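Encoded as structure tokens, the following chain is the form predicted alone, with no partner shown.
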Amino acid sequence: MALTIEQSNRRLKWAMLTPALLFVGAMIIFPLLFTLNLSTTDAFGAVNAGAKHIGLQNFADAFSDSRRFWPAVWRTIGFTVGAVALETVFGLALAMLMRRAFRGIRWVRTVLIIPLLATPVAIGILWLLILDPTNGIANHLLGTLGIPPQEFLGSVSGSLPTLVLIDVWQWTPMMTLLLLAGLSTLSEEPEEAASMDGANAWQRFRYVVLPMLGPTLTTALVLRAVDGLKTFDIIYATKGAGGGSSFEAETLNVYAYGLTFDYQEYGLAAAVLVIFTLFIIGVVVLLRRRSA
């Protein structure tokens, strides 16, 4: 039976896409299956050194570790929630300010994306120099205001909040650009109607703009939440192995890295990564459901 042009095009499309889809699928599925299999072994010292399957023992060991695992979980959550919340608030505020064109807006947008141009490791080293307790410019500026020197990243209690602020400095521009793109697609008619009905600026934002911006805001939150959960570069560049001498900035990513490359506990590290992956999937599903 002769095929129609539409059927021929559909078959040609899938014929062209199938090799790429198979390749991408293999590159995703194989590491996941390998990690899942490794998480059920006692692999130590070398991945292929005759590891034995021990079932879910690594998962039990991880969940029973109240010294490193659970503190790392709570630090990961605290870091992500703090960073994403601040980035969303500041990003939305900046997007609203730049929603209307004004003189010099191109220069403002250019300056805004500068933090996105550098790699996280370079950002970490830059802030190490700025926040150096002895010679850093931050304490010099605080001194001119009569504020005593701060330890910043050298403090056990202040390391994580400082890292949150560094992350906010780097990634707020991305939130701003995403939300600004969403604002540019919104119709102005609902706002004009609300204004004619007597709604003030806050009411128009709260009851008109924000609901219409909901899908874009949800997408931005999901992207930044997932990225925040996976943060590793800045933490490792500023605090080193273990997130500091007292593990004060150790998140799940840093913990898994240490298990793998410092302690060579590959089975336990794989179990932590499986738990971490499931945790990220759960966060994405939760955010999607709450926005539905």
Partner chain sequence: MRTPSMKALRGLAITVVALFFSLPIVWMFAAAFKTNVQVTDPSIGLIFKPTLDNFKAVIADDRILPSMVNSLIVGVTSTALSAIIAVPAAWAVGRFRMHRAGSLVLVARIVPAISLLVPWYYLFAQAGLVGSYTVLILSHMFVSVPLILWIMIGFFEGLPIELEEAARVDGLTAFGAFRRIALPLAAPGTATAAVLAFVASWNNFMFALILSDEHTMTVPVALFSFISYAGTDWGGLMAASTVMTIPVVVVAVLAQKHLVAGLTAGATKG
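The term rigid core refers to the maximal set of C-alpha atoms that superpose within 1.5 Å between the two forms. Positions refer to the first chain, counted from 1. Being a predicted model, the structure only gives us computed values, none of them experimental.
The form predicted together with its partner chain exists for this protein as well; it is not shown, and the discussion that follows is about that form.
- The candidate spot formed by D61, V89 and F247 is out of contact with its partner chain in the predicted bound form: none of the three has a heavy atom within 4.5 Å.
- Heavy atoms of H140 reach within 4.5 Å of its partner chain in the predicted bound form, making it an interface residue.
- The closest non-hydrogen atom of G78 lies beyond 4.5 Å of its partner chain in the predicted bound form.
- Residue contact check for S187: none of its heavy atoms lie within 4.5 Å of its partner chain in the predicted bound form.
- Residue contact with its partner chain in the predicted bound form: D227 places a heavy atom within 4.5 Å of it.
- Within 4.5 angstroms of its partner chain in the predicted bound form, the stretch 170-202 places a non-hydrogen atom from each of T172, P173, M174, L177, L178, A181, G182, T185, taken in sequence order.
- Shown in the overlay between the shown form and the other one, fitted on the rigid core, is a CA shift at P19 of 2 Å or greater.
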